[in-house]
Structures are given as structure tokens and as C-alpha cells.
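Given next, in C-alpha cells, is a single chain: the form predicted on its own.
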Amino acid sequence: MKRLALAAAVVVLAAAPLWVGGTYYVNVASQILVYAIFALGINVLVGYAGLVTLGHAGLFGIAAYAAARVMNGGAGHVTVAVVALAVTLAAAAVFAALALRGTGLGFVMITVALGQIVWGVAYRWISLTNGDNGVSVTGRPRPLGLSLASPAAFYWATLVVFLVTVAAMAVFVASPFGVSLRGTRDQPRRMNALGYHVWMIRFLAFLFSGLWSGVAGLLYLYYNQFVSPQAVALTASAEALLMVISGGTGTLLGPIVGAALVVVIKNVASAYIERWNFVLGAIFVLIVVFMPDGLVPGTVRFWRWLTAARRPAAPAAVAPAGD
């Protein structure tokens, strides 16, 4: 049943440009996939390592800026992708080396500071980032000679990257490394006593998380063909973190559902509701109150309760009559 449901979901996603209706909604679907990849990357730290980060928009933006500068320098798209991801991994290594000096609130504050440093560089280093005016690019890659200029073609290309991301996350979660990472989340002292290098496990997880944040940043640049300091702002990190928390941390489906919720409210509901920020905030409050572990785990738990409630009660045993 799970395999059939997965196959059906892939078919529905692949056919999205044919049934969503309109170029605008195809673009919204592409945005959902891009931010779902970003949220899945953050979920590696938040959900499986127990490290809440508010600076990953910095890595997201570093990939976009690096790709934009290399592309405008005349490099091919393969070179652009390799350089952008290499720079993002180097930045993630620096982020991890500094942020992992603390845990809990200390880790959060260090990631906030690092993200703000990236935002300050993007805003003030005008010769490199063009400041508040941002950096524009032209053209999209042509994998196997296929043009990605149309919204539907770009959506399908993004869907392929998204499916690769989900598969990589599934392998990561089921791997011995993923199990050891969850162990550092739940019992770091015991893991250390058992001989595991807790800091190194978290460091490698940070790199893995940063890699997929960089992939999302690269797709973001190709989608918008523009990047500005807004992409690396603290609000961008907070928004991505809310995607993960609202959908459900420590799950594969949760960040995807959270990304879809935020993107749809921002791009679709905002066209009909003037105070859409209030609506989004109210939804988050309701999720925290009624489903504190997120939409996906909360829905699963509710469905199990509903199924158990519909199941007929077992007849009470009747004591045998005495002689």
C-alpha cells in the first residue's frame, strides 16, 4: 500500500502542470518544490539532530549569489552548479565549526549571528552583490538539450531534483549514520560514552543539510533569475524553520507539507485575503495548540484515534453460571 501511494503521489506531481490550470499555479508548484528541498535540508538539523537553526537562509543565499556571479562571468551551467555547491559546502563547514561550539539556545544565537553577517555582506558589499539592487541572471540550463524556459519544463526539472532529494533523505534517515545522528539528539552523553564522536557526527550532518540548502538556493536563482539580500534575511530563515515545525520535524513528509502550506498562503490566499499574514499566524497557533508535533504526525495520530473509535467494541465476557 505504501508503494502504491508513493507511486500515485509521483504520478500526481508529474501531471501537476496538466491539471493545476494556469501558468501562475505551475510557478507556485515550482516554488513549493524549491522550498520543500530547503525545508528538508533544515530538517536534517532540526528534526534528526535536535539543533534549531535560524541561519540557513545564509547558506541558501550564498549558493544563489555564488551561482549568479559565476554565471555572469560567462561560465557554463555545470561549472555554475559545481562552484555554487562547493562554496556553499565551504560556508557550511565554517558555520558548523562556529555554531557547534554551543547547543540549545547558544546554537540558535550563533546561527542567527552568522545569518545576519551574510545578510550584512549581501547588503553592504555592493561591488560583489550589487547591494539592495540584487544580481540578475539570464538563461536557464538545458539538460540533455531540453529547454527549461517554460514554467512547465522548469517544474518538471525541479520535480526531478526534488525526488532525488527525498530519496537521498530517505537513505540518510535509514542509514547507520542517520541512526547515530538521532542518538546524538536523544542521548549525546551516552553516545559519547559508547565511543561515538558526537561533534563530528553533527558536523557532517550540518554539511549534508547545507548541501541541500545550496541546491534549493541554486534552483531559487534559476526560478527567479534574480537574487537580493531579501533571500538571506532573518525572516527567510524563520519562515523556512516554520515550514519544518508546522509540517512535523523528524519526518520526511512534514517539511514538504509545511512548505506547501506557507507557499500557498503567501501566493494564493494572499490574493483573496488582505491580512494573509494574520491567517498564516493563526494557522501556526492552531497547529501548536492542537498538533504540537506538526501536521503530519498529528494527522496520523488523529486518523488512528478515529479508526479505533469506529472499531466495534469487543463483547464483554459473561461469567459462567454457578452449579
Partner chain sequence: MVLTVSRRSFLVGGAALAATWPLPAFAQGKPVKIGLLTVKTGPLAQGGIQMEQGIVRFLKDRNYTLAGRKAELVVGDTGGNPAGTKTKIQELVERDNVDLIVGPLAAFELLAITDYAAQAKMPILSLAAAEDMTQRKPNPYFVRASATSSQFMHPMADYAAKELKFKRVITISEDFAFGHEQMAGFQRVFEDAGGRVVKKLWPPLVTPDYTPYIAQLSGVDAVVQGFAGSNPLKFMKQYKDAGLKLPVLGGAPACDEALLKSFGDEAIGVISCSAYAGDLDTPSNKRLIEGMVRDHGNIPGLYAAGLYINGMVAEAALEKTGGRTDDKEALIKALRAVSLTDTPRGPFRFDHFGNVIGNFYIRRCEKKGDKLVNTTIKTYKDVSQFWTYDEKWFLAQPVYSRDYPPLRS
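What you see is a predicted model, and the numbers here were worked out from it, not measured in a lab. Numbering follows the first chain given and starts at 1.
Just so it is clear, the following notes concern the form predicted together with the partner chain, a form of the same protein that is not shown.
- Of the listed positions (N192, Q230, Q116, T79), a single one reaches within 4.5 angstroms of the partner chain by any non-hydrogen atom in the predicted bound form, namely Q230.
- When contacts are judged by a 4.5 Å heavy atom cut-off, W276 counts as touching the partner chain in the predicted bound form.
- The partner chain is not shown here, and in the predicted bound form it never comes within 4.5 Å of any heavy atom of F177.
- When contacts are judged by a 4.5 Å heavy atom cut-off, F302 does not count as touching the partner chain in the predicted bound form.
- The closest heavy atom approach of A271 to the partner chain in the predicted bound form falls within 4.5 Å.
- The stretch from 89-97, 178-186, 198-206, 121-129 that comes within 4.5 Å of the partner chain in the predicted bound form, counting heavy atoms only, is 121-129.
- Interface residues of 188-223, taken as those with a heavy atom within 4.5 Å of the partner chain in the predicted bound form (partner not displayed): Y220, Y223, in sequence order.
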